[in-house]
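Read the single chain below, which is given as structure tokens and is the form predicted on its own.
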């Protein structure tokens, strides 16, 4: 479902993609998992605008793919079109991931906590869950190997952003503070881009903190929609920058002409 942004010529999905895209740099070497339309569109948009040297492994296999449209899945071989080479998963991808040659990974989950840890395994106890979820799909390994982690969620509510995970499928900043560093893990989560706002992580505590609010959204709205307190920085919280006309044209016409990204908003 396309949600218009008040007073702007764009929709929420477009705002999230462009915000994600702008966070990518020219030295980004990224890959994607399942149902990852927001980051996939973001990688492609970044490469077609400000980060021409960005490397994207489509579904972790198609290196520098340039598909004319995104298919029914972000793991589909249809998005490998235009690749310069195909990576062999067991022998190439995991070697690149373990050596941090791939430096960027994005994930979402059924539950996300204040430190950017993610649950996509079970709701309730592991032995007797209320809901059995799809699982981490390599998230446990990849979240500990990859220096730059980005989180996104099209559902910002207390059910998704929880005080305590039922299960930790993917590692963010762990228990906060220097926990991740003490475990010898590189980097950590950089941003959480949601349907309401953008959050970064306070450098000492590693707790989620407001970075910007989407147009029409207030601090109170986000706090009410979050199962934990989001830290408020000093000074005024800016409004998330809107997409430019050129970014919207490239996204709509070149990157995702069939608007597959809306599958995440169903």
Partner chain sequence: MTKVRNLEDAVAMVPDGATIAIGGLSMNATPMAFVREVIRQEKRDLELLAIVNGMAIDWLVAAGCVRRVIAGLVSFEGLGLAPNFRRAVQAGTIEFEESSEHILISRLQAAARNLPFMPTKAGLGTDVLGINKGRLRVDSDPDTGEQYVAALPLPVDIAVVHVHEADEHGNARVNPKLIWMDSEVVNAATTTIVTTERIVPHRSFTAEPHRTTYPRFMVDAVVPAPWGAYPTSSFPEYTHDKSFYEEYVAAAGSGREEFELFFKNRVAGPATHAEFIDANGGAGKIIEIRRRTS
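Numbering follows the first chain given and starts at 1. These numbers were taken from a predicted model, which means no experiment stands behind them.
Absent from the display: the form predicted together with the partner chain. The rest refers to it.
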Segment assignment from 50-58, 215-223, 236-244, 199-207: heavy atom within 4.5 Å of the partner chain in the predicted complex: 50-58
4.5 Å heavy atom contact, residue 190 to the partner chain in the predicted complex: no
Heavy atom of residue 151 within 4.5 Å of the partner chain in the predicted complex: no
In the predicted complex, residue 74 touching the partner chain (heavy atom, 4.5 Å): yes
Contact test in the predicted complex: residue 168 vs the partner chain, heavy atoms, 4.5 Å: yes
Residues 78, 88 and 184 all lining the partner chain in the predicted complex, heavy atom within 4.5 Å: yes
Heavy atom within 4.5 Å of the partner chain in the predicted complex - qualifying residues of 136-167: 136, 137, 138, 140, 141, 144, 145, 167
